Structure formats: structure tokens, C-alpha cells
Ligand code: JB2
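This document starts with one chain, in the form predicted on its own, laid out as C-alpha cells.
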Amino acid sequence: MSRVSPVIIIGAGGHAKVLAGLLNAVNAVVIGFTDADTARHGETILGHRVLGGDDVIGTYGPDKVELVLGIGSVRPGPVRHDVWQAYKRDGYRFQSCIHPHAWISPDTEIGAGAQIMAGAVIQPGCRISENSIINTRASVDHDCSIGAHVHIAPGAVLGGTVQVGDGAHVGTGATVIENIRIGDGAMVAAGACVTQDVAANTRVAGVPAKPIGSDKSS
């Protein structure tokens, strides 16, 4: 993981804590966390302080610090996308985070700010777009295409040649068989088994997965 600047982690919740552990494992220089919850200001997490709210970031110029987006997602929605876009407009860069215990085929395309966590496996021919999470022990088989701002949750399994649209969420322990397309903003529930394409902004659950509603907010 190439770094040219120290990093600030946006958010101080569970996903941010896991990222701090990853960054510690690769000896990154972490300035600290930011978080909107004032009760957490001054707290120490894995050796790094919660510095204050996101306004702290403005005290560092975009040429002095890189950002790590520690806001996870449990459903599709615009939060990660909106935070990403706001700081990109201000000229900040987001650091890609790759755990040393992930296995990634050398030909994988990895976008800016992507996060690949411990135990993840990414096979040949895959593309992981910007600001997407391949979480703990998730498996992405050959020739998959993962859009921007996607969360592939812990333990999820994607068969070969799966396409996941921007802003989609594949839940913990879900399975997506080969050649499936998951549309933009779709949500696959935890433990689901997806055997048919999923339309944009649609929620699916069950074995086999079936639609349970739609989400127009994303």
C-alpha cells in the first residue's frame, strides 16, 4: 500500500476501528480519527485519538494528509458516496487500504480509496472500483466487476463474472452465483443466495433470493 502522506480516518465506529488495525499492520502514519459524536472526542482507539469533528480535516491541506473513509454501510445509501464526493471536491485524496493477509491477484484493478480487509480473496481478472469495501474473508472469484461505493460484507462469496453496480451492498455471508448482475443501489440481505439478476435499487433476501422491496433513496 503506497503512501505519500499521513492519514486521518473519517469516523470512529466499528469499521473505522478495523481500518485502524489494518493501518497499524502496515505501519501507516495515522494522525487520528474524526467523528461527529462529541462524546467520543479525546477517546483513544488502537493507539490513535479521536481528534474532534470532521472540521479538523480542514486544518490540514490536501497536500499534507490523505483520508481513509471509516464509515461502513449496512444498507445501500448515499452516506459513503456523499462524504467521498465532498472531500474529493476539496482536493483531498483517499488512501486505498489493503490488508497484508488478503490475497489479491496481481492483475486486479483497484480504484482509489478501495478497502480490502483481512482474509479477503480476489481472483484474476477482477476490477474493484473507487471507495468500495471488500470486507473480512469475502471472496470475489474470477472476472468480477465491482462498482464504486460498494460494500461486499464479511464472508460474502461472489462466483465468477459477477457484476455489482455502484452503491450496492452484498450482505454478510451472502452467496452470488456466477454470471449474475446486481444493479446500482441494490441490497442483498445477509445469508441470501442470489441465483438471478437483481434490478437496481431492489432489496432481495432468502434462499433463493427474492425481492422484498425497493430502495429509491440511494
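Quick caveat, the model's predicted, so the values are computed rather than measured. Throughout, we count residues from 1 along the sequence that is shown.
Below: the form predicted in complex with the ligand, not depicted.
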Hey, in the predicted bound form, is Val26 touching the ligand, heavy atoms inside 4.5 Å?
no
Gly70 within 4.5 Å of the ligand in the predicted bound form, heavy atoms
yes
Should Arg203 be classed as touching the ligand in the predicted bound form when contacts are defined as heavy atoms within 4.5 Å?
no
Taking the ligand as it sits in the predicted bound form, is Ala12 near enough to touch it, meaning that at least one heavy atom pair lies within 4.5 angstroms?
yes
The one residue among Val83, Ala112, Ile104, Ala118 placing a heavy atom within 4.5 Å of the ligand in the predicted bound form is Val83
Among the candidate residues Ala209, Val198, Ala16, Leu22, which is the single one with a non-hydrogen atom no more than 4.5 Å from the ligand in the predicted bound form?
Ala16
Which of 32-40, 155-163, 173-181, 186-194 sits within 4.5 Å of the ligand in the predicted bound form, heavy atom basis
32-40
Taking the ligand in the predicted bound form, which residues along 140-157 bring a heavy atom to within 4.5 Å of it?
His151
